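Next up is one chain by itself, shown in structure tokens, the form predicted on its own.
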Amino acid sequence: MNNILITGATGNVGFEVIRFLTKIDSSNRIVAGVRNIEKAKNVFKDYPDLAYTHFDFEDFDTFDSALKGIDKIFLLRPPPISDIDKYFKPLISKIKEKNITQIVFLSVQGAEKSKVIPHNKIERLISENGLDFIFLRPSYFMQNLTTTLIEDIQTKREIILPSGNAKFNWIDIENIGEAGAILLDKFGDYKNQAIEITGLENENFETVTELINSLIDNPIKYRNVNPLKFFRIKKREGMVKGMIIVMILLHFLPRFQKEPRISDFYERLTGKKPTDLKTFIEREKESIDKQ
């Protein structure tokens, strides 16, 4: 039996990894690493066999007990955490100390190309510490439309970003969660590989906005702004500085990069096509259309 710790368990990706792990017919013991166990039990009320442990990326005192007896880890970076040396160096050191060598790290497509993004630094930390890994590198989350960008969509009927006409590849978090669960279960088959997982569509925000408007009643628009203006807008709205910088890196740098590669890994792994944008928007229409 493997004890698998899922960090960020109540977040979008963590939840989906747990959901799909519970569907796999295996003897895995799944442990949700969460800051508030009682709240997490409510989130996972339909998962009676799920175990819980107190884990907080910003509380080093939780690392030791959370990692006790763990064989594999699904590791991600919470969006607000940008200081990798402060938070991830001690975590990776503790993982190594506990002799946990199997890590599936949720990275990002293109992480190997840019040393300034946090995911690149975390990948290097894992490799330099001699841990066995799978770097799962997804493309741009469809769910950004219903999480990070949803407040502007619902209150301003706008998507405000410094993205210009840059094309992004769009992937459904459900597809990422399913892939992550399979990779954790069959870690040995993919050990020490960096794997890109993408959808089938490379589209810019202008085109995606047009698609959204063809499917909803209350239209939205895409407003391209320069990085400095974006910073000022989000700072005024109260977004933390680290998160603003990550948002700028994620949305501005693609303007100077090649169009994203499209990978067939998800289809090879599952035998299914990844979710397309139209299907996702129709599924989330109520949230996007809400004012």
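Model, not experiment: these values are computed from the prediction. The first residue of the shown sequence is 1; numbering continues from there.
If you look for the form predicted together with a small molecule, you will not find it shown, but the lines that follow are about it.
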(request) With heavy atoms only and a cut-off of 4.5 Å, decide whether G110 touches the small molecule in the predicted complex. (result) no
(message) Given that the small molecule is not shown alongside this chain, does V13 nevertheless sit within 4.5 Å of it in the predicted complex, heavy atom to heavy atom?
(response) yes
(message) So in the predicted complex, is the small molecule close enough to R223 to count as touching (4.5 Å, heavy atoms)?
(response) no
(message) in the predicted complex, is there a heavy atom of the small molecule that lies within 4.5 Å of any heavy atom of L215, even though the partner is absent here?
(response) no
(message) Just to confirm, with a 4.5 Å cut-off on non-hydrogen atoms, which of L200, I81, I195, L131 contacts the small molecule in the predicted complex?
(response) I81
(message) Counting any non-hydrogen atom inside 4.5 Å, which residue from D64, E58, E259, E38 sits next to the small molecule in the predicted complex?
(response) E58
(request) Counting only non-hydrogen atoms, choose the one of 158-166, 95-103, 187-195, 134-142 that falls within 4.5 Å of the small molecule in the predicted complex. (result) 134-142
